[in-house]
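Just one chain is shown here, as structure tokens, and it is the form predicted on its own.
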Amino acid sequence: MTIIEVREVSKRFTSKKGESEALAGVSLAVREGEFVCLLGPSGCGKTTLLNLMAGYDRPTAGGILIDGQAVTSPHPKRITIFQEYALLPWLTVLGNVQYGLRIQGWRRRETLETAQKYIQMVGLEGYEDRHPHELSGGMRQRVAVARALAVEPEILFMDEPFGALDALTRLKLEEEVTRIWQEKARTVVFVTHDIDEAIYLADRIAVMTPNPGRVRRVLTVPLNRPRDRTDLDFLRLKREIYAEFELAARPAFHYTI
């Protein structure tokens, strides 16, 4: 069942330098429980599209529906995880994971039990009393994931959440996110510029190209999980996606007769 519908969405921004078109005529459907990656180079409108889906901004033209309702603002059942972690520095790991639950009015005992469950799920048991400055970047991002999952969102939006991490930590967190997604069966829309990451994570990949941002192609990833980055089918799909970017980057030649 389709849960997110992006219908011919365009987005323009106005600045002192004039008007720029970030997105033009973008359409995309995301099914319930699906893991979809928005993949493309910087400036192709990936984050803009994610922000529109999450309700942080409004399209200039077109519309976005979630569960058949127009998206006009953020919703507590749709949580966004950013690259910057956005943890509260004065709270411990446990306090950060409990924070959203307390805002929603959960009872103290339920809040504690739920927070502890998700802290354990992301492998941070024993760190409950640590503050963000005492954690590595990868551990802080685990806290952000636990905090997001604790409020049991229907949809999880992730904006290049592992972009600032070292390669080994990034691979580990990709494995963790895949495992958690399989356990919790949430709908995930994940922004990345990394082809390997998109193939490893996604059910489908929306390949986006810039000037202005468009969805050039949506590819299904026909690989079993867990996925092997050295597998021939993985590498074949990587070459296919790379070819899409090469084609999009080629200049158009116009001949006058």
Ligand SMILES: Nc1ncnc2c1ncn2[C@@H]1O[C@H](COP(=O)(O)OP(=O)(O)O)[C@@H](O)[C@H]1O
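So that there is no doubt, residue numbering starts at 1 and follows the sequence shown. Since we're looking at a predicted model, the values are computed, not measured.
What comes next is about the form predicted together with this ligand, which is not displayed.
Participant: Have a look at I199, V188, C44, I64 for me and say which one sits with a heavy atom within 4.5 Å of this ligand in the predicted complex.
Facilitator: Contact with this ligand in the predicted complex is made by C44 alone.
Participant: With a cut-off of 4.5 Å between heavy atoms, is F13 one of the residues that contacts this ligand in the predicted complex?
Facilitator: Heavy-atom contact with this ligand at 4.5 Å: present for F13.
Participant: Using a 4.5 Å heavy atom cut-off, state whether V9 contacts this ligand in the predicted complex.
Facilitator: Residue-level check for V9: no, no contact with this ligand.
Participant: Would you mind picking out the stretch of 64-72, 199-207, 34-42, 226-234 that comes within 4.5 angstroms of this ligand in the predicted complex, counting non-hydrogen atoms?
Facilitator: One stretch meets the cut-off, namely 34-42.
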